[in-house]
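Taking the form predicted on its own, here's one chain by itself in structure tokens.
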């Protein structure tokens, strides 16, 4: 009996710690809709996504896409808000309109829940901003039809994008790679969707030379 009585406080303490941890995890601060500094437009290199996720049944991987819209992310100078409170769903008409540039229904819904809810806009307004910002970027011809693997200097890719889009800032374009392979180009825009510099916590994650998988 004494042994059991001695163990009881220990068990009780562990239960209290578990309950506290679970509560802390559930009460993580969520973002506040409309409170952010600028946007990040993420352009995903579709061939890389399709080569590494093995989702050949998706619309995106069944067609020869090059750069597609990944998302338009509310961003702070450091960090970002996400998962803001909203019960709004993305209308089917909006999803269908976006599929030519953002060819995944699952991605569209995910981006709304995680990022769009923090924009302070409704779903239609948020995706209208995403579509407008995506269509404002001109992709050089070289990167629209790529029949074979291309190895290119990171500086050359950035230069090509800046030449095709004179309004962009050199400090507002960030490249993201997995190893040597290009994954995304991220472009920083102010809240009116005009180009601006990226915050300090956005960094290029590509080496001097990078590889683009072919568009097929």
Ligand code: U2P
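Positions refer to the first chain, counted from 1. None of the values given here were measured: they were computed from a predicted structure.
As for the form predicted together with the named molecule, it is not shown, yet the points below apply to it.
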Tell me whether 70, 80 and 111, taken together, all sit within 4.5 Å of the named molecule in the model of the complex, counting heavy atoms only. yes
Q.
Residue-level contact is defined here as any heavy atom of the residue lying within 4.5 Å of the named molecule in the model of the complex; does residue 75 satisfy this criterion?
A. yes
Within 4.5 Å, heavy atoms only: does residue 202 come near the named molecule in the model of the complex?
yes
With a 4.5 Å heavy atom cut-off to the named molecule in the model of the complex, the contacting stretch among 113-121, 127-135, 91-99, 141-149 is 113-121
Taking the named molecule in the model of the complex and a 4.5 Å non-hydrogen atom cutoff, the residues of 173-197 making contact are 186
